[in-house]
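First, one chain by itself: the form predicted alone, in C-alpha cells.
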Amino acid sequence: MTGEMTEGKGPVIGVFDSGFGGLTVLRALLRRIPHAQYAFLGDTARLPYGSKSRRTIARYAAESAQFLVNEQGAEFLVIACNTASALALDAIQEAVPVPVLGVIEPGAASARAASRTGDALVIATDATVQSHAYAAACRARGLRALEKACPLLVPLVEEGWTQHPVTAEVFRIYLQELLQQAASEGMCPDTLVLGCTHYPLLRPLIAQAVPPEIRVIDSAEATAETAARLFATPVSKSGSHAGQIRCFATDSVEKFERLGSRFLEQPVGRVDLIDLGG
C-alpha cells in the first residue's frame, strides 16, 4: 500500500539508500514490522556513493536522513546502504535526533551467532570492502572475516539476470577465489555474509553454489530482525493494517519505478522526485 503517511497508524520508519537496492531491506522490514509506515529515499542523483570521499558521503547521507526525519516525520531510520553505513553512520546519528540503524552491525552479529568455526566470508562492493567495516564489526565480535569485492554482481542484478548462467558463472569464479584465499590463510569459514543490498536477489543462486557447510547470511534480513527488536511498537487494533509506503528519489524516477518492484517484490507505486541539492 502506498500513499500519504497517516497520523496514528503505526510508527514512521525512514529507510535510506544511495539507490534502490535498499528496497530489499524495506521488503524484509515489511514482513517483520507490517503495521509501520515507511518513507523510502533513494539518492539516485548522487550515486554511486562508493566513488565519493568520506566527507561527501557523510554530507549526502546526513541530508537524506534529515529529509526523512524533518519532512516525512520518521521516528526511526534504517540506513539500507552498506557504503553509508560503513562511512557515514556517525554523521547521520549526529544529524538527526532519532534512533539510527545501519546494515553492517546486524550482518556481523548474525554471522557471529551462526558461526561455529569463528571464520566468515563477506562479499560486497568495492567501496564497502575497502572500508573494511564488516571485518571490523566481525572482529569486535571475535569473528575473523575475509572480504571480497564482487563488482560485476550489481549490474547483473539490475539487468535482471538473477538466475542467468552468466551470473552463476561469475559468482562461481568469485566464490572459488574467495575460498582459495581463505584456505591459504588457514581459515575454515562456515558463514557467507551478503554485504550488498542487491545480493538478496541472488540468494537462491548463491545458496546453490556455496558448499553445504557454509550458511548464507542476508544482511537485509538481519537488519530487519534487529529493527523489529529496536523499533517495533505495540500494535493497536486500529493500527493492524498493512504498512504504508511512500518512495522518493533524487533522480531516475522512471528507472526506480521500473526496477524497484523487482527488489520490493510488489509495486513501488508512484515515486516522488525531490531535490536535495548538489
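Note that residue numbering follows the sequence shown and begins at 1. On a predicted model such as this, the values are computed, not experimentally measured, just so you know.
The following text describes the form predicted together with a further copy of the same chain, which does not appear among the structures shown.
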Checklist line | a further copy of the same chain: the contacting residue among A45, A209, A228, A62 in the predicted bound form [heavy atom, 4.5 Å] | finding: A45
Next item on the list: Could you tell me which one of E169, E185, E71, D90 places a heavy atom within 4.5 Å of a further copy of the same chain in the predicted bound form?
Entry: E169
Notebook entry, point to check: Would I173 count as a contact of a further copy of the same chain in the predicted bound form, using a 4.5 angstroms cut-off between non-hydrogen atoms?
Noted result: yes
Check: Taking 4.5 angstroms as the cut-off for heavy atoms, does R270 touch a further copy of the same chain in the predicted bound form?
Finding: no
Margin query: in the predicted bound form, does D126 come within 4.5 Å of a further copy of the same chain, counting heavy atoms only?
Written below: yes
Item checked: Contact label in the predicted bound form: Q130 to a further copy of the same chain, heavy atom within 4.5 Å -> yes
Next item on the list: Please name which of the stretches 22-30, 37-45, 62-70, 209-217 has residues with heavy atoms lying within 4.5 Å of a further copy of the same chain in the predicted bound form.
Entry: 37-45
Check: Would F76, T162 and E257 all count as contacting a further copy of the same chain in the predicted bound form, using a 4.5 Å heavy atom cut-off?
Finding: no
Checklist line | Stretch 130-163 - residues with a heavy atom within 4.5 Å of a further copy of the same chain in the predicted bound form | finding: Q130, P151, L152, P155, L156, E159, W161
